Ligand code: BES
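Shown below, as structure tokens, is a lone chain in the form predicted on its own; questions about how it binds or moves come after it.
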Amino acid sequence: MTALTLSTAAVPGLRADAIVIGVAKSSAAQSAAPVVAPGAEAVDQAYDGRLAGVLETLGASGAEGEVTKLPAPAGFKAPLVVAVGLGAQPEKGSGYDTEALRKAAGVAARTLAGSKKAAFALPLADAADAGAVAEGVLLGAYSFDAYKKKDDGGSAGKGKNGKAPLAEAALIGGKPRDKAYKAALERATAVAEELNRARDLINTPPNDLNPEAFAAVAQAAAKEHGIKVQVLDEKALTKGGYGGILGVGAGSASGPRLVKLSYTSSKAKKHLALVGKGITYDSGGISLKPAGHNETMKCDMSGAAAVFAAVVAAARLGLEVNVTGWLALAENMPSGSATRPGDVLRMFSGKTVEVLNTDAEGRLVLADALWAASQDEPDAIVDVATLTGAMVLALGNRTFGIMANDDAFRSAVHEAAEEAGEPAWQMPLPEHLRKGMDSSTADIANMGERMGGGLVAGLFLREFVGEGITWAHLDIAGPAFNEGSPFGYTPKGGTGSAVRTLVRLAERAAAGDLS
């Protein structure tokens, strides 16, 4: 991973492959020239104060995600200047939004793949800005090359004809001896490293990441970071009566697992439980997905990856809150032993579920894990899942939906997402949709009305949350896996969606604020 340093060095004398500066769109209607952001004063001065004009000549506008390269001025040790767009110029007296800084740093880091060192002279008004830039660099520099053929004698992490990630980033304007700046860098490193580990898991092919393999990864990380771990295999799941997880995994040669990760703090006053859907591959089961919908289904464990990453990040940060993660792991496959449409499963809670569609499997494994999490009586439960295509239709590919059984908690989760820089939107749980899941055979069916399918799924999950426990559901089906081109600090493939929101929520819980 890219090495980060805080630096007070003068930009002209800094030895690096490139200097990254920020430019913004001018707020003046009559001006098309970009505005040079704070941090780039030395570069602008070397251009005799005409850097904005030079950039305009080169076609730069300061738009978000825009990259313009130009030769460094005479006398600079670095040969290249990379100007990256920050979007709209902030109002007078206001600083740049941390998410704008995060995105700009991510774009620059990705652009500079193959470079040994870059100096990031982006605007740093405080430690929070430094943390955002650091996070953007680490997330933007991510690449997944584990399955690429290496160059002859090449190093790990560099695919054939590819470029290694940016090796080092110096944050100019950072204060190396300032406790707040150092803490911001440490936080960014812990969160980004665990988020990138979640991305690795999501991108790993399902022939290498089955439920047992995922559980082994979790066990190794737990041992490394002092987290208590418990893994329930098929035998333990059968003995415990986890009919939902067993039913979904029944058709696969790879048996299901339920993993419990427990991070505890001696100073904790709150307990937050996180539950993740971990379908390591989803064929749809007997209700087989049509052609064209199977190819990316290795990503159906993104919720469990996010929960895993968040628990480990909480441990690494030493947050004063107890965080329990539940990974509901199974592979949904069709076979002679697979659950059939029309079968009835007896869940861990004791309720029975009529399975009308085996491709609505995520809610079945989550139902068991939610009830298991409820037995610990945490202050709040949050589940994360790539649950429904309906949520993608409602909110698109970059925004996840938030549902909850408590309005204040739903708002708190949304605020945490906004603070983390993750697009999210609050969604309702309309009571009239519950009737559509009534079953003449069982206590409830796993399908209801087609319209509002994402909300129906949320209502189903609510049935398996313990009485009196505050709960929220994050449907990350849209942003969990990026099939398009990279943007900002988001790569193609697994994104690690919701990790930062969960970490931020844990931080709020540590401060005693879960509402």
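Predicted model only: the values in this text are computed from it and were never measured. Position 1 is the first residue in the sequence shown; the rest follow in order.
Unshown form predicted in complex with the ligand; subsequent notes refer to it.
Site test, 289, 359 and 387 vs the ligand in the model of the complex, non-hydrogen atom cutoff 4.5 Å | The answer is yes; 289, 359 and 387 each reach the ligand.
Consider the chain as shown here, without its partner, and state which of 297, 217, 88, 167 has a heavy atom within 4.5 Å of the ligand in the model of the complex.
-> Checking each option against the ligand in the model of the complex, the one that comes within 4.5 Å is 297.
Which one, 37, 455, 51, 447, lies within 4.5 Å of the ligand in the model of the complex by heavy atoms?
-> So the residue touching the ligand in the model of the complex, by this definition, is 447.
Close approach of residue 257 to the ligand in the model of the complex, 4.5 Å, heavy atom | So residue 257 does not count as contacting the ligand.
Residue 194 within 4.5 Å of the ligand in the model of the complex, heavy atoms = Close contact is absent here: in the model of the complex, residue 194 is far from the ligand, nothing within 4.5 Å, heavy atoms only.
May I ask you to state whether residue 477 is within 4.5 Å of the ligand in the model of the complex, using heavy atom distances?
-> Yes, contact at 4.5 Å.
Though only this chain appears here, would residue 368 touch the ligand in the model of the complex if you measure heavy atom gaps against 4.5 Å?
-> Residue 368: no, not in contact with the ligand in the model of the complex.
Among 175 to 183, 415 to 423, 437 to 445, 387 to 395, which stretch has residues with heavy atoms no more than 4.5 Å from the ligand in the model of the complex?
-> Every other range fails; the passing one is 387 to 395.
Determine the residues of 255 to 284 with a heavy atom within 4.5 Å of the ligand in the model of the complex and present them in sequence order; the list may be empty.
-> Residues within 4.5 Å: 277, 282.
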